[in-house]
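For reference, the chain that follows is the form predicted alone, supplied as structure tokens.
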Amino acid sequence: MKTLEKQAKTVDEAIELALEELKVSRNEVEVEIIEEGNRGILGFLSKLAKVKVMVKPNPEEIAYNFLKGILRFIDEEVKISSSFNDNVLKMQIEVQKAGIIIGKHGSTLDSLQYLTSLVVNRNTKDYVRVILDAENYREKREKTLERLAKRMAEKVKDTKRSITLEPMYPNERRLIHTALQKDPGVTTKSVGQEPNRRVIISLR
């Protein structure tokens, strides 16, 4: 984290001097006031104000450098784009062999996302949610699971028998529950222990 200490007649002046030298805006830094500064007898300045200004880590830059360092071993021409809004960092990965990055049911992508989140949040006060994607896998998988949920729900209604789905990751199970929560004919619940936890769809 880049830091700079500055002195001036007032705290605000010291902060402005630091911002000017660091070439950043006020919302990009954290400020620690070391000395408030004060005036002595007859109003003469006896002690300058002193502050320490620290540039906040840039989540996009941290995540980009981390992923680039890992993925260059798979594809030296890897492209990573990102957007950062409301403490949500979305990153899109473009590689020739996307299947390797995604893994079975997105397992490798989820692992990369978890590791990137750890790195990004290591030195931040405000938690940043990291979402990684490759070839729009997340959206495609979500639609696939929604279709599966509705198809299995209809089968439960037709056969009057519960159906247990294959083991899924927590976020995928959540999609199944959400897809069917407004269906008046069925109910869902998760059973078992990770990593073999499954969703059961039953008649309501």
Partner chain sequence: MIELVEYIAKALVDHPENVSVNQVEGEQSIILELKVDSEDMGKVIGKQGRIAKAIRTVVKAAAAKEGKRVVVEII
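Note that the structure is a prediction, hence the values are computed from the model and not measured. Positions refer to the first chain, counted from 1. In this text, the rigid core denotes the largest set of C-alpha atoms whose superposition between the two forms falls within 1.5 Å.
Absent from the display: the form predicted in complex with its partner chain. The rest refers to it.
Of 87, 107, 124, 96, which residue is found within 4.5 angstroms of its partner chain in the predicted bound form when only non-hydrogen atoms are counted? Only one option qualifies, and that one is 107.
Is the gap between residue 130 and its partner chain in the predicted bound form 4.5 Å or less for some heavy atom pair? Flag for residue 130 set to no.
Does any part of residue 74 reach within 4.5 Å of its partner chain in the predicted bound form? Heavy atoms only, please. Yes, residue 74 sits close enough to its partner chain in the predicted bound form that at least one of its heavy atoms falls within 4.5 Å.
When the contact criterion is heavy atoms within 4.5 Å, does residue 78 count as touching its partner chain in the predicted bound form? Output for residue 78 is no: heavy atoms all beyond 4.5 Å of its partner chain.
Indicate whether residue 112 is a 4.5 Å heavy atom neighbour of its partner chain in the predicted bound form. Although its partner chain is absent here, residue 112 would touch it in the predicted bound form, with heavy atoms inside 4.5 Å.
For the chain seen here without its partner, which of 174 to 182, 149 to 157, 26 to 34, 58 to 66 has a heavy atom within 4.5 Å of its partner chain in the predicted bound form? The contacting stretch here is 58 to 66.
Once everything's superposed on the core, is residue 195 shifted 2 Å or more at the Cα between this form and the one not shown? Yes.
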